[in-house]
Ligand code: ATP
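Shown next as C-alpha cells: one chain only, the form predicted alone.
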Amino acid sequence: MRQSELFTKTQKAFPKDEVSANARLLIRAGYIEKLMAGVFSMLPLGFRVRENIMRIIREEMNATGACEIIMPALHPKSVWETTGRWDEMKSVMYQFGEGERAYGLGPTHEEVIAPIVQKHVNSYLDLPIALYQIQVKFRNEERPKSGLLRGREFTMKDLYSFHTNEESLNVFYDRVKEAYRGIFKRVGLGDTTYLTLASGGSFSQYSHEFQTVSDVGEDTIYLCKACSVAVNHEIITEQKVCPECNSNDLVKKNAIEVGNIFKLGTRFSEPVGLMYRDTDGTQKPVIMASYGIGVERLMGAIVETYHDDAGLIWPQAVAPFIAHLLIIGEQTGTLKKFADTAYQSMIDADIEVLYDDRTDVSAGEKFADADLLGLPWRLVVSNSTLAEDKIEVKKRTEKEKKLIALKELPKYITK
C-alpha cells in the first residue's frame, strides 16, 4: 500500500486525556480513533492488526475441531430470564425496552447458544460439540479506561463446548489450554503469559485465566517459581501457598487477563432442556464449558509489551505490514523508479509493505513516522543507496543497518 493513499495521518503529540501506552500510541499513530470512553474505531492500520490477531485465533480454534458460527448481539429479555440472569446482569448488560420489546446487548452468549444446540442434540452420539464465534460484545463498564484493555464495546472470541461427562470435557478443556498457549506464543506474548488458577465459582474448584505480566495490569497474580503456575489474587491463601505444588516461593506481579477458560457444568443447559439420551436410554443434562479471548484487549496487551519511546514495535505475526519502505530525498525519475521496483519486488514475493512515497514530508518526519508506526522492517531508498544499487535495511528492534542488493531483498526479509 502506498502511504500517500492512506487517509490517516500520525499526530505530532500524544492525546492529552489518555494515560495508557496502548491508547496514547495507537491514537497518535493513527491505528484507532476514540469515539467515547471504552469505544474505539479501528482505522486501516488498526483494522489490519485486528484481522491478523483474529486470523491466528481462528486457526488455533479450528485446529481444536471447533466450528465457527456467528450469533446475534441483540437478545430478547426472555432468553436471559430462562436462566435468571436478566436481573443478575443489570449492572453490566445494556438493557432497554419494555414488555415483549425488552432487549439487551449481549455481554456473553451462553443463553443464546444453549437453545441452538438443544435443537440439534438428541443422544450421546451427537456429542461432544464445540462452537465458537468472533463477535462484538457490549458491557457497561462503570469506569472504562486503559485504552483497549477495558472497553464497553469490543470483539470477543467466545468458544462453547458441550459434553456427556467430565472426562470428555477435560480432554477438550486441555486441548483449548494448548490452543491458547499457541495463540499467545504466535502473537508474541508466549514468554510473559501464564496459565493462572482462578476461582471456579459453583461449577468447579478452579477456572483458568491466561495473564500477561505487565506493570499496567489491573490484576494481581502470584507466580510460583517452583512449577511456573500463577495464582489469581482472589484465590490465594493467607499463607500464599501454590495450590499446585504447595510451594511458598511466590512472586507478586501485575498482569492483564488476556483469556479465560471456565467449566460451567449444567448451569445453562438444564434451564433450556439441553439434554441427551445416554447409552442406557436415560435423559441427562449436557455439561458445558466456555472459553474467551478479548481481541482488542489482546491487541492492547501486545502494545503494552512491545513499544519504546519512539513508538510501536509490532511482532511480525500481527503487524499491519511486514516492511515500511521509505523513499528519501528529491524524488527524481531514477530514484523513484528504483523505489517503485523495490516496492513491486516485495509485492511479487507476497511481502506486505507500506510504501512511504509522500512528497510533501521531510526525511526526518518519515523516519519518525516509521518508528511510531512500528513495522518490523524499515527499508530506505535514497540517492546514496541508489549509487550502490542497494537498499538500507533495518529491523525495528535493532540499531544495525545493512545494505542489501535489490534482487536479494525479498529473500533477506523472508529469511
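Numbering starts at 1 and runs along the sequence shown. Quick caveat, the model's predicted, so the values are computed rather than measured.
Keep in mind that the form predicted together with the named molecule is missing from the display, and what follows is about it.
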Give a yes or no for Gly300: in the predicted bound form, does one of its heavy atoms lie within 4.5 Å of a heavy atom belonging to the named molecule? no
Using a 4.5 Å heavy atom cut-off, state whether His109 contacts the named molecule in the predicted bound form. no
Heavy atom of Pro320 within 4.5 Å of the named molecule in the predicted bound form: no
So in the predicted bound form, does any heavy atom of Gly104 sit within 4.5 Å of the named molecule? no
Here the chain appears without its partner; judged in the predicted bound form, the stretch of 167-175, 72-80, 135-143, 312-320 with heavy atoms within 4.5 Å of the named molecule is 135-143
Among the candidates Ile287, Met156, Ala342, Leu197, the residue which, in the predicted bound form, approaches the named molecule to within 4.5 Å (heavy atoms): Met156
May I ask you to list the residues of 290-314 that have any heavy atom within 4.5 angstroms of the named molecule in the predicted bound form, in sequence order? Gly292, Ile293, Gly294, Arg297
